[in-house]
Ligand code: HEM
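Quick heads-up: it's one chain on its own, the form predicted alone, in structure tokens.
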């Protein structure tokens, strides 16, 4: 089947599941593609230089793409005020001690996978691990963490409806109400760890620096984005290991290889493929005129493979010279949790490579790609895998 630019439809689940054939086509034929998203016109950017220009110019390209009181949709100076409240919790040094928490958790969870011989890379490992970690980071009682996971799946639908000026579905509205009651209840009863991130947000709330809505949105964003991004990262790493069996051995022999492997996964299979901005004035970008008030969609994953920056950019090569990628964005809205995501990914792969001699796809069982939501995410809903234990090379997996 021959693809054309016209086949690139932003809210098509098939495109979300496998957008990669379109990216070279877009960069070459339509680097600024005029399209639409759920009935609204928008401009889709696919070249790295154009995307970087947008990310580094928040004055022209605003993040206020939804009427929601959230760090994600804030511009300076409000963005800086909000981000500063929790930034100290997410530095590289601040998250380093979390390795003592994520390591044992990953070992417990992956031991069960190895013992079974077959597992779902998402449901049995990546998702429960990141849910547990975000609960610990926020300081939420562990027995209540899974409640939030269920609600956050619905909140993507809620956010999209609000962004488009539509009425959310009853289920999405209920999820929004439930998560608001949950976080406000924790703050009211002080049912959180005193040194955790939710305690910081509660302190700003009591000081009048956050209202109730901002508190809920902030806590929800930290949990939802942190869980989703890192679940996709670990799942995408497991998928690549199932395609590259020798890399498990190399991780055991060269521990530093784990980091370069993760960075190449982030470059070639980032958790988020698209982000959105809105223009505050008429602007020329990539040779195209974009009017004030227009939605701009940035294809981060396309930028990460642009041949103007990356030689053989379509090829997965963990030994390529280090280059900046856009998996965590750039500029003032660069991902707050990037160091935590890397730490969780690094620890997960250390555990996996230390326990598994081989990870492979389950024959005749296809992974289920992640589709829907805001159509920004890339990864798997389900990733069936089989594993052979390192200490028992002769045991057949079932």
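Residue numbers count along the first chain shown, from 1. Predicted model, so just to flag it, every value in this text is computed and none were measured.
Not pictured, yet referred to below: the form predicted together with ligand HEM.
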Only one of 122, 266, 148, 248 gets a heavy atom within 4.5 Å of ligand HEM in the model of the complex. Which one?
266
Of the options 179, 275, 102, 210, which one has a non-hydrogen atom that comes within 4.5 Å of ligand HEM in the model of the complex?
275
Partner proximity in the model of the complex: residue 229 to ligand HEM, non-hydrogen atom cutoff 4.5 Å:
yes
Please run the contact check for residue 238 against ligand HEM in the model of the complex: heavy atoms, 4.5 angstroms, yes or no?
no
When the contact criterion is heavy atoms within 4.5 Å, does residue 337 count as touching ligand HEM in the model of the complex?
yes
Look up in the model of the complex whether residue 221 has a non-hydrogen atom within 4.5 angstroms of ligand HEM, and give yes or no.
yes
Counting only non-hydrogen atoms, the one stretch of 105-113, 253-261, 200-208, 324-332 within 4.5 angstroms of ligand HEM in the model of the complex is 324-332
Decide yes or no: are 98, 131 and 352 jointly within 4.5 Å of ligand HEM in the model of the complex, with each residue judged by its heavy atoms?
no
Which residues in 90-129 have a heavy atom within 4.5 Å of ligand HEM in the model of the complex?
90
